[in-house]
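Below sits a lone chain in structure tokens, taken as the form predicted on its own.
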Amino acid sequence: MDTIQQTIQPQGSHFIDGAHVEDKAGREILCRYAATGEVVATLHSATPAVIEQALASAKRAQAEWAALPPVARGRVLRRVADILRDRNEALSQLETIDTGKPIQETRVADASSGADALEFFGGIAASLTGETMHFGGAGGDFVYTIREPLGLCVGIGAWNYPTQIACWKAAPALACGNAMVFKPSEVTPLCALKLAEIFVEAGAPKGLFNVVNGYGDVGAALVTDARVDKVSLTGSVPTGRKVYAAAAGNIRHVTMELGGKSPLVIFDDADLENAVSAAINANFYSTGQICSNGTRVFVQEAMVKPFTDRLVERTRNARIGDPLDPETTIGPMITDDQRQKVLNYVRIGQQEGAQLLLGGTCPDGPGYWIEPTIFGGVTDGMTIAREEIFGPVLSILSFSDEAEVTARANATEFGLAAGVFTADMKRAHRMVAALEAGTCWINEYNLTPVEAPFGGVKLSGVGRENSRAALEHYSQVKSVYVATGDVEAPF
């Protein structure tokens, strides 16, 4: 830890126009290692002067970048992907210190998945073409379309996947010819700065991908600036409401990837071990701090006891410990405030009659730890079954048949994700067709390849990230009508 700490403190709190920038007039941002609570870096929130510098340089760089041939833009993005992969170990260590996630997770799920996004969008950048529509026979009029960049995009990230989220937003935005100013969560300010350095190293114009750190007032200043053409947020529903309303004031393009209370439905013909594995991944990976987690685990009545017994048995094998130890499988919560929020939900769950089967307590010592927690006997009206907890708390709810569980799974204001485990593929496809969720899995959970769209419905957001679908949200279409004959007029 001591050796790594020596390299954590960045040269500046922000990265703008190709260089680190510092302005100590901004409010302090203390970056704490969640495993110990110690401060590992001190940054400063962006001042108005820093925000102005970031927006102005991004506006200038965007014009230069959009003028490049798409294949040249793609080449830069692919070089960024190569560098991320080459430095995956160092970037994974930084991610672990920034977030507290176990190194065994960050090595495979953060910089590497960000590289996948940059490689994917870099590879299809040259395929962003328009259409041609002909009217009439030979020599008739026709219309062609041009797909153009939106301009200057603002990305606002969450603290659970700081590198991945930055890449998921930057890759399609830049592939389409836009520039981006990215504001990480103030809780995890370090990773995006490294990404910004790599963009410049890979040949991106200075200012194309700027990073400004700060609190909510910094995000508000970015979202409401008249030069901003698009806002993409990953965050909670309350934050999404504020950002969406602010963006709507100037008719901004928006993508909102928000929270969830997603159902994981397990029928009695499902493979038991696979279903338990999915429930573990859907609730305890990243210490439960994933927006798409399947925290309402609906289990068909005949399967409840064997599923519960096996789930508890396997969860006892979770290893809580030093996140930099490759054998650790459960890391700390991101902050003590988040841990206290989760502990409060555990108390509420017990007060409302849910059966605490495992966990729910905090190990002794420093850091923001909480044990994986399993509740049985949960009913739909309980608070832990309705509200997003964003921690390692799994709720088991029993059901009798397909129609019942479908209605109950949909009885939520959220609609981010859903999963179905069954050996009956006809039933599986019926279920996902009926479930009100933007992202669904059959006999799997929480895999998000860049080739597939990701996003939600209802209060879980608007727009999509990843896949070719994301290109629709970072570009706009211009129609051009071409006449080949004389113009008729009534007089």
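The numbering used is simple: start at 1 and walk along the sequence shown. Worth saying up front: this structure is predicted, and the values here are computed from it rather than measured.
There is also a form predicted in complex with a small molecule; it is not shown, and the following applies to it.
Indicate whether G235 is a 4.5 Å heavy atom neighbour of the small molecule in the predicted bound form. Contact with the small molecule, yes.
G367, heavy atom within 4.5 angstroms of the small molecule in the predicted bound form: No, G367 stays farther than 4.5 Å from the small molecule in the predicted bound form.
E388 near the small molecule in the predicted bound form, any heavy atom under 4.5 Å? Yes, E388 is a contact residue.
Evaluate Y215 for contact with the small molecule in the predicted bound form, applying a 4.5 angstroms cut-off between non-hydrogen atoms, and reply yes or no. Yes, Y215 sits close enough to the small molecule in the predicted bound form that at least one of its heavy atoms falls within 4.5 Å.
Would the small molecule be touched by all three of V76, F121 and S127 in the predicted bound form, meaning a heavy atom each within 4.5 Å? Judged in the predicted bound form, none of V76, F121 and S127 sits within 4.5 Å of the small molecule.
Mind telling me which stretch in 252 to 260, 96 to 104, 356 to 364, 67 to 75 gets its heavy atoms within 4.5 Å of the small molecule in the predicted bound form? Single hit among the candidates: 252 to 260.
Contact residue in the predicted bound form, chosen from D82, E186, D336, D271 - any heavy atom within 4.5 Å of the small molecule: Selected option: E186.
Only one of V276, L190, A158, V405 has a non-hydrogen atom within 4.5 angstroms of the small molecule in the predicted bound form; which is it? Selected option: A158.
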